[in-house]
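Given next are two forms of a protein chain, the same chain in both, each as structure tokens and marked structure 1 or structure 2.
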Structure 1
Amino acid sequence: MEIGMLPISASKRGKLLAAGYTTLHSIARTSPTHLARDIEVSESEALEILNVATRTSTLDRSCGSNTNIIDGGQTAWDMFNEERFSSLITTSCVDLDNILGGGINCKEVTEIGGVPGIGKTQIGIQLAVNVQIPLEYGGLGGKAIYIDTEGSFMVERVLQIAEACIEDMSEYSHHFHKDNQAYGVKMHPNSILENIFYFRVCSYTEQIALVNYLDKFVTEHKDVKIIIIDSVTFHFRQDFDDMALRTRLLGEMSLKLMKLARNFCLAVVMLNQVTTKHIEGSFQLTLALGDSWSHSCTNRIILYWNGNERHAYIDKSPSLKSASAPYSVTSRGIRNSTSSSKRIKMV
């Protein structure tokens, strides 16, 4: 392991190299006093360097025991057990839920992209409402964060979808608990609106600042179970001359979002726009922000028009099969498609 990989400042690194410490092993053997004298820093700074070095080196030291080979990792079996109980957020469309394996996964970053008017914001709003479905109805009973970069969040529409969701829940409870009047749904559309935290972002700087701040925000609001960014593209599409910088900033932002998803066990949904690309001699549609960005999400769903119907296609996922399913956007929100043959097409 090289000194160059330690997260310490450049000048300290330079001093270490100048004094002849090139590997972690060489630092590990000295005491803070010797190190302080060799590289001419204070003892507390030397101690800090040693702590960083030991922390980094434990990560790749093998102890030989079966269960704890690497500190801080998790075995695949533990992960499998966790995933069995992992939470899913329904999209209110059965076909769409089916190809997603039950719904949008918490702990994962899902990207949804499509042409204007296909229903990206609609799905975003539907998810912000559905995450609040109480546990008794099979939901998560959580809150939502909606980050609006384009101004497409229309409160009237959220109210419509919230009212429809409550109606569906009371119909469900009426159907299954016909004899028990006490199961009436006590939710009010206003309480659904109250549980959606709304941020309006007007520049890419604000977007990056907000993603940085979310760590603190979600720590203070532990019941947030979904973060929706609508859309992640808008501010990064204009104003950027340096494309390499854009790629680096987007990369850092997506890493932070993945960390948020994993640490707080919530779902991150990013909505993306489309652009045209010249592939194999013809122009084709593809999601915006470039090729490096397409690696940044765990799952990728593309919404498109198939004849007269809206369809969703799973473009990339580590665990889901590539399939497409029809859905429709109604006055009550996202629902099943009205076509008579509701087949799921496996590609």
Structure 2
Amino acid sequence: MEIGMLPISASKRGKLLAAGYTTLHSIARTSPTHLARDIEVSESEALEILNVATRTSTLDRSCGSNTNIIDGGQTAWDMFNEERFSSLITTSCVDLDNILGGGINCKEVTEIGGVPGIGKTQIGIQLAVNVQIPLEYGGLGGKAIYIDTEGSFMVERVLQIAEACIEDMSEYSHHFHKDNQAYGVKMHPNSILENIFYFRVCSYTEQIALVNYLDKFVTEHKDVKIIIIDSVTFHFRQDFDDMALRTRLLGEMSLKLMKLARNFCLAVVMLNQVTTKHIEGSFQLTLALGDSWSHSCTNRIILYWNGNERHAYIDKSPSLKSASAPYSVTSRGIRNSTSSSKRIKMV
């Protein structure tokens, strides 16, 4: 059980979340003295919270949570076949899809980071639209959750990309079917907007509370196939003096996101910012939140400028080889770069 469901007052739940206690397990590891200090309550109140958490945890175990561990057994062969036939979400850039093995993989957490203006939010919006491409067009026919921490989500841009996506599907349909009427695209841009669940969060406590709530939300909306956080970093770089607390909060949040991806067969895409790091006598750009954070995702993609051209580089992945590909941000969304298009025409 998450802290948000603990039968105590809302103010105490808020204090627990703000101090980094997001699960019953995290509370069980502390003492009344430490808990009282962390959430600024008396030791008697802290002891009462610990007792409630202990009773709740015991009740959860008695309801058969151990059977989930037994039922969760899986062979390596099953896992191999799941990966072979796993669902993919296209980025609308053929070159980028190629280095990603076909697109963004469901059941995985993908981190995409880069400098401002490189197109991180554009990729996030593109994926929120593309996840809705119907099955008959090679898509998932799913819905998206978009968590906006910076206020960079632009509904006008979503509409623009949605209209372009429908035009692309219509062109595909006309190319492969002579009877255009019979195979016309039945989607409407407004329906694409309706299938994106938008959450605006304004603090790290709101972000943690929302991530804790997602399990319940996705259970009620099983057609959600992607969760996009834009950006995962923003609120954790503001006024954070306690680095140990930040590390604990980020670690528990990343575990929850990994479980969501696996349990609901959906993709989690975390957009990240960059920072400078001193390496071998010089300062270099690197993704924010430190080296330990790089273990919080399955795949890590770094976006960078190569002259006037945008490139994506696979920095870390257990199944994909390191490679880079150019891409463009156009009025229609993410597409192949101009130089790539020229190469295709020449061939």
Partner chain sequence: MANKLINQMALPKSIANIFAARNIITAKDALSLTEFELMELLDVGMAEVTSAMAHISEVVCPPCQTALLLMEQRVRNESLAGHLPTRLKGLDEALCGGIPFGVLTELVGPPGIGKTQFCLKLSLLASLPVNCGGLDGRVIYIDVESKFSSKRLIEIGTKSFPEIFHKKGMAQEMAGRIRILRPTSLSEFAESLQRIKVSLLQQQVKLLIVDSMAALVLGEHDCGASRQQALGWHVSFIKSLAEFSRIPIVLTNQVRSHIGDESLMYSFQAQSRPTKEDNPVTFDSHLVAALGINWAHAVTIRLVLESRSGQRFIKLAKSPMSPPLAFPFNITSSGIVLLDDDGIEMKGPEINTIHCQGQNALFNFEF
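Note that this is a predicted model, so its numbers are computed, not measured. For clarity, a rigid core is taken as the largest C-alpha set superposing within 1.5 Å between two forms. Residue 1 is the first residue of structure 1, and the numbers go on in sequence order from there.
key: Pair member which, unlike the other, is the form predicted in complex with its partner chain   = Structure 1.
ask   = For residue 315, is the C-alpha shift between structures 1 and 2 2 Å or more after core superposition?
value = Moves: no, less than 2 Å.
inquiry  = Is residue 13 displaced by at least 2 Å at its C-alpha between structures 1 and 2 when the rigid core is overlaid?
reply    = Yes.
query = Does the C-alpha of residue 331 move 2 Å or more between structures 1 and 2 once the rigid core is lined up?
reply = Comparing forms between structures 1 and 2, the residue 331 CA shifts below 2 Å.
Backbone CA shift between structures 1 and 2, residue 40, after core fitting (angstrom) = For residue 40, the alpha-carbon shift amounts to 31.5 Å.
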